[in-house]
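Starting off, we have a lone chain in the form predicted on its own, written out as structure tokens.
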Amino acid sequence: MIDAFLAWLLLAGPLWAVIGLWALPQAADKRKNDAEPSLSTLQIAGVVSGFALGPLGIGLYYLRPRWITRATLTLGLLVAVFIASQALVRIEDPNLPSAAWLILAGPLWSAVAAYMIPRRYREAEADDRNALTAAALGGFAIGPLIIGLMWRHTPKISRDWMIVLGSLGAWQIYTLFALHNADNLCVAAPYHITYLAQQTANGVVIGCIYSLMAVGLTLIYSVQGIVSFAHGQLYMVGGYFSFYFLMHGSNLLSQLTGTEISINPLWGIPFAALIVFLMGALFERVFLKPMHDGLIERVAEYAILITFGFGFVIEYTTLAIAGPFPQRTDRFIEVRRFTLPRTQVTEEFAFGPINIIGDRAFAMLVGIALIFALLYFLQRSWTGRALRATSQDRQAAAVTGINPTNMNTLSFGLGSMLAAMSGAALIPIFAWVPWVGAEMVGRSYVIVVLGGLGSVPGALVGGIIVGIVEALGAGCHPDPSRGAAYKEAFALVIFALVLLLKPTGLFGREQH
């Protein structure tokens, strides 16, 4: 019904958000109380309260400014999303809100704001560290309103700004998608919550496995300052080492005992880790050490070419030995799937069940355990602290008695080992061919950039985000068959947005 939409626009919505944006800071200026929240917090509170409850929300914050906390702002944002969603889904013509959004906000305003606002901040000699990100998100979410606000006040951009603007833009995209694809499983009530939870669970599981490989790439970069273009092939060869170890080991034990014995694929992980660690350490000592010793003039080009060549040799040597035929090991566990039980909420709606494939869940636990073991090693052991010191300042580390050459070798060996362990953990799940590493290493680059170059926790969080984005993107695509084919494209969209809006990633450090 269009009447519901018009009623919401009168009682709350964008107009009252603009009024709240202006009214609350003005009220604070008149009171001149030192206990008042900051200007940016008052502006966010005005937008959230006006959008959610209109004059009622603005009045509450006006009379009780001490109620402006992160908890109440989060609650207000959730209320705003819920109320606006209920109004929008009752519109019979979905083109109306789509056209209104494209005029009042959207990608065009995002580009305009991203071009204008950082220039304005530099002219005003204001802090512009997050101006580009806030301007792009704000233009996408609230259009010219963000330009007027940031142009006039040039406020300091806090993390709360990013959360509010990003959440508002994401809600708008989801709502417009729901209006135009009412039958899609991601939005079709009452089953969409269960479907979304299932896809999110799948994304978290596979994302933790992605993270294990990306952590190895992060470790190499943080210590040596280079990107290994052989990482995908080391991941691939780790799976093959596990496969052949399990096959020949099972055959040998069967011959010795006279009964058929199958070795669990879990034992292939440490075997692949040991072999590939030695491979990576030997390669670094022979081919990368001259680069760090100053014997190579063009270091960046040399690192790219030599690691790319190493990966090329690994891939085609494996192809010559193993052939192009897909291989797969036995299952980790006999349990086919873990099922979270169905929960009856009301007579019309039940949440669940949520199914997780047993082998993927086991591989996820292996990946998480290895990542936390690496973090413990880096934080608690002397060698781990030496690696961290080398990554922060090589010369200072050398002065304290740390040998940077040995740390380089250790970092490349550990990074290669983590890639191999990731491959050994996944070969029971996916069909393994010599070119399987090319697809995975592309995700690893996206994860490393998203989490922040050199950040191990960032690689873990980035892997989970990429996994969820791929699962939701493929599962919510109007054509599921195409969605599965575009899975890698969703990760590349994340990659492009991070490079555009926050090049340092979620946990990356500014380079000076």
Partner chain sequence: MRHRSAFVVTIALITMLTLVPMGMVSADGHCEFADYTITLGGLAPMSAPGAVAGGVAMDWAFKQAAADINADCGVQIDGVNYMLEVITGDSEGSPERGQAVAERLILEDEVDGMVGVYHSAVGLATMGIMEENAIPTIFSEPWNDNVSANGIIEFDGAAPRFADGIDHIFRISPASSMVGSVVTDWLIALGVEDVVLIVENTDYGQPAAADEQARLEAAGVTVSQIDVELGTEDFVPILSRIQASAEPPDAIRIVVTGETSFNLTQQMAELGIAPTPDTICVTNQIAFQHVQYWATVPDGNYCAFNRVGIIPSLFNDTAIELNAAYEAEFGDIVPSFGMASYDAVFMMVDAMERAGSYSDATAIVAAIEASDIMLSQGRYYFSYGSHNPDLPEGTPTFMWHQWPDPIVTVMQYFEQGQSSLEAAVVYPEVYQTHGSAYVVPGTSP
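Numbering follows the first chain given and starts at 1. The model shown is predicted, which means the values in this text are computed figures rather than measured ones.
Keep in mind that the form predicted together with the partner chain is not shown, yet the notes after this line are about it.
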Location of the partner chain contact in the predicted bound form, chosen stretch of 270 to 278, 427 to 435, 143 to 151, 163 to 171 [non-hydrogen atom, 4.5 Å]: 427 to 435
Joint contact, 225, 229 and 298 to the partner chain in the predicted bound form, by non-hydrogen atom at 4.5 Å: no
Contact test in the predicted bound form: residue 185 vs the partner chain, heavy atoms, 4.5 Å: yes
4.5 Å heavy atom contact, residue 42 and the partner chain in the predicted bound form: no
Heavy atom of residue 440 within 4.5 Å of the partner chain in the predicted bound form: yes
In the predicted bound form, residue 72 touching the partner chain (heavy atom, 4.5 Å): no
Of 372, 382, 325, 82, the one that lies within 4.5 Å of the partner chain in the predicted bound form (heavy atoms): 325
Residue among 195, 377, 101, 302 with a heavy atom within 4.5 Å of the partner chain in the predicted bound form: 195
The partner chain in the predicted bound form - contacting residues of 296 to 324, heavy atom within 4.5 Å: 316, 319, 324
